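Look below for two forms of one protein chain, each set out as structure tokens: first structure 1, then structure 2.
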Structure 1
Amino acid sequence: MQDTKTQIKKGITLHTIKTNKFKTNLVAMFLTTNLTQENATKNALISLLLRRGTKNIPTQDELSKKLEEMYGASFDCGLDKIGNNQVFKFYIETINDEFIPQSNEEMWKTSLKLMLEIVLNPYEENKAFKKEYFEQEKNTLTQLIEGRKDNKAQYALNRCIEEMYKDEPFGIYKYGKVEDIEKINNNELYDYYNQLVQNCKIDIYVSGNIPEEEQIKELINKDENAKKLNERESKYNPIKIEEKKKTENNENIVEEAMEVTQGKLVLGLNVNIKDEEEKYKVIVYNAILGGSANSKMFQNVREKAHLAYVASSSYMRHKNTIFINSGIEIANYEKALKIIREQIKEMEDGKFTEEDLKEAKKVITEGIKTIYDEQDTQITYYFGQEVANQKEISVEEYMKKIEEVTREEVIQIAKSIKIDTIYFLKNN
């Protein structure tokens, strides 16, 4: 079960993953472009507009009916932030032909053609998006951006990211800003969309019980919508290790008040490493610190001090940053922060056992193996390597690199880690 790559045109790659393990086939299409303040809001609006209708399927309910007809195919679209890129992600999942009662439809074809139609052939009027849709989706986007306050834990994490990357693209919220929505002109947006599809990096994934790659490639080459795409020097930011700004123990402490019962404490930590290879060490470091129920965070903040139900950390690999998350009683802020600092310090001092190291590795390798069993995770894994411009690393190689991480290396990573931002969401 490998990612077989083939170039459709320069800058446009088809990836096929042949497997008989699933009841479903999954088609995904990713458009990768630079993340900028100027374009973030436009991209978000485009992503909303594309799901409204196409030239041949002009309304959303016709599109929904078409998907229902395909035995409840699901169509998803969203925007993701990967490093300094904004990625449009589109997915169509259908049950595969084997489970369709009395039919000889080739579902992968229907899905792929529909995908190209949705992404590349939007409903256009007078060189603009259909006016009615444009107006409605501006409202939807406003709601989406404002609605981010509703999930307090997610909001706190996003705010910490914003504070930590104030002057950098990564600090931009993936759906942009409400103030920018009104500035968008429909004709300009449509122009911008056309440039976008001609300049971005495009990756198409087809996974499941599918034919040979040649046959899929041929379908794309003959597809009217895909034919419109030119070859391109894709404009995007391949993921690379960035020089971290020097914080020199200048912790940025941000407190914000909202109507909450429970306080949300998020810490952003800078990791200083030299190359891609060192990331495996950071992955192990993070697993010991807060990656599982055996981790320092879970054990000390939750189990020993009983301060929280959620206490964990996660490593944002593409940005080389670790975030610590916990939900605590507001009055316990100082106490929780003290314990968290102690955990970070203990990592530096090498206060973790061989057993901790072994268990952390086990948690990571078990996690990575599951990609064989999940179609979408598999695509995400391969795509992560694709945007990093890396040569493909198999699951086995990945596990080997994790196994090779030593105790000294984890301590060395620990010493390079500094708290950058402390964000606390408390009540009014």
Structure 2
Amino acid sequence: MQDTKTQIKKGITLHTIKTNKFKTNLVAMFLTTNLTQENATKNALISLLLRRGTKNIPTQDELSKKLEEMYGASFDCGLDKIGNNQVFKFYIETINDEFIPQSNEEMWKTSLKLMLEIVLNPYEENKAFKKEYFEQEKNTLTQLIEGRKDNKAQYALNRCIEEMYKDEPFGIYKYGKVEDIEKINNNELYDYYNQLVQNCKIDIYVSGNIPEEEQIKELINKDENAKKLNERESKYNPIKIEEKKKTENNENIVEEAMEVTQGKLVLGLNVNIKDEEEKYKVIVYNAILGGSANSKMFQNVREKAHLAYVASSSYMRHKNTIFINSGIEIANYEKALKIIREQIKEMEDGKFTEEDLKEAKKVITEGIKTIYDEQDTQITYYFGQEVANQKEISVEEYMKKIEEVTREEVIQIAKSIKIDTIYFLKNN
């Protein structure tokens, strides 16, 4: 199983994943553009407006009816932040043609044409989005941004990212700012949308029991909405290894007070590596540090010291950063921070066993195997490599590279890791 790529036009790529494993076909379309403070809120609002209807399907009720006619197809969309990019994500899942009784309809065609209609042919009035939809989705976006505080753990992680990357696009919240919403003019937003689709990187994925990619490419080339797209030098930020400038001597400590019953302590760690191949070593390092129930963070901070309700770490590959997350009693801040520092130092000193290394690799490879279990995770896996502009690595190659990581390489990685930002969310 692999992602086969073909160029539709310059800057627009079709990816096909042929598989008989699922009873469904999945069409996905990703629009990738530079993440900037100026446009972050506009992009968030556009992502909400595009789901409201098209010129030919002008309401959500009609869109729902269309999906129901497609044997209960489902549509989903959202906005993500990957590195210094914002990514619009659209999905349509339909039943595989072979499970449709007494029908010659090719559902992959219907879903792909519907996808192009939704993304490229939005409902508009007088060269603007429908006024009613525009005002309603401004309110929806306001609620989304203001509601970010509801999930305290996610809020703390986002705040640590904002502080750690406050001078870079990655520090921008993916939905932008509430104060920017009222500044957005409907006609200007529609003009901006048209510029966006003519300049962003576009990737179309079709997964399932599907025909050869040439047949799919032909449909896209003949589609009236796709014909409107120009060739482009895609305006986005390819993911790349970046040298970190901070050292252990200038940790940024940020404390914030809010009505909380449990403190949230997040540490952002810089990982200094030289090339993409070293990321596999970082993945293993992270698994030993805090990536599983057998990790040093879980066992020593949570289980033995009883200092945290949650204690884990995650590796954000697209920014080459590790984040340590813990939920603690507010009074235990100093103790928890001390023991977290000890775990980082122990990794640097090689104070972990061969069994720890073996267990970490097992946890990682079990996770990698689940990429095969869902069509959307397969697409996400291949798109991650696409947006990083790197050589495609199969799932089997991925697991092999993990198995090849040695104890000495993990220690070498540990010596390159420094604490950059410490964020603590406490009560008033």
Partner chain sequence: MQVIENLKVKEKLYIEKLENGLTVMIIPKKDIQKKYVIWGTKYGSNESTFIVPGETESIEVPKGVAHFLEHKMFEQENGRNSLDTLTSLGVNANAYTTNDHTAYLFEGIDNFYPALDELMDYVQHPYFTDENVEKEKGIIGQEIMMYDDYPEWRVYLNALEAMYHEHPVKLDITGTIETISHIDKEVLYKCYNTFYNPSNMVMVVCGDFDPENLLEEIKKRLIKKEANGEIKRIYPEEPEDIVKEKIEQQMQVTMPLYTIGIKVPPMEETEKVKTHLGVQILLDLLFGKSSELYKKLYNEGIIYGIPGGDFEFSNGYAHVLLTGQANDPEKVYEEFKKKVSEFIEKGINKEDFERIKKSIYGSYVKEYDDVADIARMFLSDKIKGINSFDYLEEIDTINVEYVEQLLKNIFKQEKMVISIVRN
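Residues are numbered by position in structure 1's sequence, first residue being 1. Here the rigid core means the biggest group of C-alpha atoms that line up within 1.5 Å when the two forms are laid on top of each other. Note that the structure is a prediction, hence the values are computed from the model and not measured.
The form predicted alone corresponds to structure 2, not structure 1. For G72, the Cα coordinates differ by 2 angstroms or more between the two structures after the core has been superposed.
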